[in-house]
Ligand SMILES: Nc1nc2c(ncn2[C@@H]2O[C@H](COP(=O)(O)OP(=O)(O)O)[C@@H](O)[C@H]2O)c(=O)[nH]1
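One chain comes next, on its own, written out as structure tokens in the form predicted alone.
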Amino acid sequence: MFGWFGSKKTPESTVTPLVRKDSWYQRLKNSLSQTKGALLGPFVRLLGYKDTLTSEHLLELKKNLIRADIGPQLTKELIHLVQNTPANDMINKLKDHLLSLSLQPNPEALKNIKVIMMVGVNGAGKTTTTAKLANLYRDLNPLLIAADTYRAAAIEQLQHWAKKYNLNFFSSETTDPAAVVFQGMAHALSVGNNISFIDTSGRLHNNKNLIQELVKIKRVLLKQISSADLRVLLVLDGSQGQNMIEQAKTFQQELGLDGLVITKIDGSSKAGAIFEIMRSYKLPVYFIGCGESVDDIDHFDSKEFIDALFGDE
């Protein structure tokens, strides 16, 4: 037995191509202000310095980059990059290098995907983000599948957002999350939902038994759809810094990821860890969120993100 509500009709419209929205850009820029201060502060203070950087300057830069959660390896790269660079060229070199590390998919590439499976640890904002993404893709007649059977509040929360934003919703009486997903996908395929977003239970990245339940869900999905139609996205709390790197490492090794969704970058100075994750694990960022409102999430654009991070410097 299961419950669902929403339209059975499949609209002909598709995802609107990504365009730069001034209101979104300003929100993104404001949200990155603390990371900008942590990352750029020491560089900005050296802009008027005309000589080669001293060892004391380089040590200060190193300490601040590590505090910004850039990560030890990337910090080493950036220090090597600027140590013989004139002060006025430092920031341009820094921007170019970070841009070279940034990975992102084409937003248009998602419009033919049948399933996006959302995974991550508790507290990253996974359930809310799942609803926000479905709303972002509402032109594709999305279905929300509530597969977080370990937390009753998660099902109620997802159902609340589905009703509020008039989105299709599916839940089941079974407590087996893989069975919920199987039933939900069968329903989606039968009524013509173009894309389904699956909210899964939060999993501690260091608990292998819990991670294996996600592996089971993925295995069930691949019996119903092809691997080309599935994307597994890890939701990361942007305020967690180095913890994001550890989570990405474990989920990538155990489950296999297609990309990342970064949430809660507002009010944090640790968003710099995003670059280390992309550098180390070659995972693209699909979406980025910077607030509580339903429209405070959008496709990740690496150039836009770096422009917002560096602002007018």
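In this text, residue numbers run from 1 along the sequence as written. Please read all numbers here as calculations on a predicted model, not as lab measurements.
Unshown form predicted in complex with the ligand; subsequent notes refer to it.
Checked against the ligand in the predicted complex, the residues T128, N141, T149, S171 give one hit for a heavy atom within 4.5 Å, which is T128. Shown without its partner, this chain lists N122, S102, N194, T85 as candidates; in the predicted complex, only N122 has a non-hydrogen atom within 4.5 angstroms of the ligand. The closest non-hydrogen atom of Q157 lies within 4.5 Å of the ligand in the predicted complex. For the chain shown alone, D266 is a contact residue for the ligand in the predicted complex, at least one non-hydrogen atom being within 4.5 angstroms. The stretch in contact with the ligand in the predicted complex, judged by heavy atoms within 4.5 Å, is 256-264, chosen from 276-284, 256-264, 61-69, 242-250. Contact residues in stretch 286-311 (any heavy atom within 4.5 Å of the ligand, taken in the predicted complex) are G289, C290, G291, E292.
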